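Presented as structure tokens, the chain that follows is alone, the form predicted alone.
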């Protein structure tokens, strides 16, 4: 695979042969190279970043420094000002952490390109993140065909590399035995990797100043969805949130996780989506809490089942399902059943605009929608209810799926993500679920009623917290 002189070829070949690494373009490193470039895109962190670790290891083998490149593009699919603001906060942490390790960190915007940067720095090879979503994967395939240097991507967003399984699974309990067999190999702390050759360029590389707005001049960017102060982006905020959860949330997670009125979940999903923290960092911290005796083993297991089981099942779903974000991914039994009930009368019908403004008769649903719009996040338990009701109120299942994706991707900080798409597919078209009782509109797809939710938690308190009065009406501001 690598044919550079000396011992480097065998060492690089062994590095590229790891299950987490995909060689998208092979060949020999550039002769007379000045650095190894890590194209940061999904894993927006320095610590606990297996993709960056691979870049550092490769650079150490070649006797070169590492430079991180982040290219800000104005048309990232479905991104708006809220997402870019959170992104920029994360970039600041990453840049500071990189500097502390002697790793170069360069942020650029159009018209600058990654390919031009690789030539400017005379990069030996390029290391990047993987992302199973459609557009980022297409970018990587196109780039691999155009490059003349080796290009590897690293599956840094999951604990067990998706390539180990090589397929998706119908249900979580089908996936669990396969996951359990592989976890011991990967649920371990990664050895610390230190750059042996700090970045000391002969001339300073120009970089966009992160004290300025990275979206300045992006004329087509949606600025109507504004930043939120509920979450601050970056690795430091992510680690603080994890620490808070370990101290005051994890012990009661089993009891409180399905109680939206007490916020009993970790609230780490925005940080996982933007790669400000990796799932391995979180899982190891939870395991340490269990081993210390502070957390019951069954509580830790419930949390890890969500963090690893459901999350990595969702990644496999998106990786292997071309239609992950639309009705065409429906489970066959669900498709047939939903079509049979397509003409069923809907007691309530709403437009996308009414849903977006939380203008329905259902104050529990409205509260969830308001939470998403105002905070950039919705409690996991409410996400199920939220999507099921869109199926009930939309003209047809295909439209319901489209509307749920539009709203989720527009307002959620963790939108545009495999977990969101899998959750919507589960709720609306029976993916990753099984047939239930036959009901109007839903057919055999699992239904959820507001009455059942009012029995499971203090829904009235949740409604009040999200801006409605005791009578269920939205309070005047």
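Positions refer to the first chain, counted from 1. From a predicted model like this one, the values you see are computed outputs, not experimental measurements.
What comes next is about the form predicted in complex with a small molecule, which is not displayed.
> In terms of non-hydrogen atoms within 4.5 angstroms, which of the given stretches 420-428, 26-34, 52-60, 438-446 touches the small molecule in the predicted bound form?
Going by heavy atoms within 4.5 Å, the stretch is 420-428.
> Residues 107, 199 and 208 are flagged as a possible site; in the predicted bound form, is every one of them within 4.5 Å of the small molecule by some non-hydrogen atom?
None of them does, since no heavy atom lies within 4.5 Å of the partner.
> Residue 253 near the small molecule in the predicted bound form, any heavy atom under 4.5 Å?
Flag for residue 253 set to yes.
> Quick one: does residue 306 come within 4.5 Å of the small molecule in the predicted bound form, counting heavy atoms only?
Output for residue 306 is yes: heavy atoms within 4.5 Å of the small molecule.
> May I ask you to state whether residue 389 is within 4.5 Å of the small molecule in the predicted bound form, using heavy atom distances?
Residue 389 lies outside the contact set for the small molecule.
> I'd like to check something about residue 370: if you look in the predicted bound form, is any of its heavy atoms closer than or equal to 4.5 Å to a heavy atom of the small molecule?
So residue 370 does not count as contacting the small molecule.
> Go through 76, 139, 333, 310 and name the one with a heavy atom inside 4.5 Å of the small molecule in the predicted bound form.
The residue from 76, 139, 333, 310 that makes the contact is 310.
> Which one, 266, 215, 375, 89, lies within 4.5 Å of the small molecule in the predicted bound form by heavy atoms?
Only one option qualifies, and that one is 266.
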